[in-house]
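In structure tokens, one chain follows: the form predicted alone.
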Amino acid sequence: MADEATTPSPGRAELEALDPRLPLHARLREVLVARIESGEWTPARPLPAETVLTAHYGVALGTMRRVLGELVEQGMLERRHGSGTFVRRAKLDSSLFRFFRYGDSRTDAPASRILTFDQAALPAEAAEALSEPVGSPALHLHRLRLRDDEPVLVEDIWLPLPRFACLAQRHQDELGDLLYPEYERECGVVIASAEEILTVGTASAGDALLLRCRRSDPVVFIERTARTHDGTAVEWRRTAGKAADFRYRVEIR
């Protein structure tokens, strides 16, 4: 059965404007991905119902379901039982703690104490990760993460301006323990994925003071680059934790 609408559909022109050599489902996927990447749909508001999208683009229901299913499998969308289909946000808030012993039996995020929150020039490492010029304006958060009032991690977080200018108006005491919901709520920035790199070094004087260890003690550094659905790097952070608390576990099958 042909995927053609019997009456003109408002979104059909978008599909026909794309390369006609592509199958219809591939063109439909491209159009839906563009709407996701533009921020038109968010994790807080469901996509229109399948029947509504089907009518809008003038395609068969089976074609729409196929494309939405592919986007769910690829991690761009998620289905919530009884609520609908939503843009998926990355579940990264506790990912760092799978590497540390104090994260073994606790899944809640540790408390956050922001030590400084101000505008600063991007250093070289952050600028490279964010594809921004060195020295360009950014927001810098320096914070301590704690478990039961014991310091466990020190973080430096860099956010490029003007994308995060809305956060610059907030006082540091207004920011919660979890930053990604703040990015989404205040700036419309949805973190979809992240890359983490682990290295080992020794504690700097500042890190040693905050982590209550000696300056010569080994420290694990985790560098994270977080990206939106269109692949744009929007956050770079460097986290330091005592190597004595670090563990690495991987299952190989």
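Between two forms, the rigid core is defined as the largest C-alpha subset superposing within 1.5 Å. In this text, residue numbers run from 1 along the sequence as written. Remember, it's a predicted structure, so these values are computed and weren't measured experimentally.
Omitted from view is the form predicted in complex with the DNA, to which the following refers.
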Site test, Pro23, Gly62 and Ser83 vs the DNA in the predicted bound form, non-hydrogen atom cutoff 4.5 Å: yes
Segment assignment from 29-37, 219-227, 200-208, 42-50: heavy atom within 4.5 Å of the DNA in the predicted bound form: 42-50
Which one of His142, Arg89, Arg79, Arg145 is close to the DNA in the predicted bound form, taking close to mean a heavy atom within 4.5 Å? Arg79
Exercise: Arg12 in contact with the DNA in the predicted bound form, heavy atom 4.5 Å: yes
4.5 Å heavy atom contact, Arg66 to the DNA in the predicted bound form: yes
Does Glu70 count as moved between this form and the one not shown, where moved means a C-alpha shift of 2 angstroms or more after fitting the rigid core? yes
Aligning on the core only, does the CA of Gly84 end up 2 angstroms or more away between this form and the one not shown? yes
Taking the rigid core as the frame, does Pro48 move its C-alpha by 2 Å or more between this form and the one not shown? yes
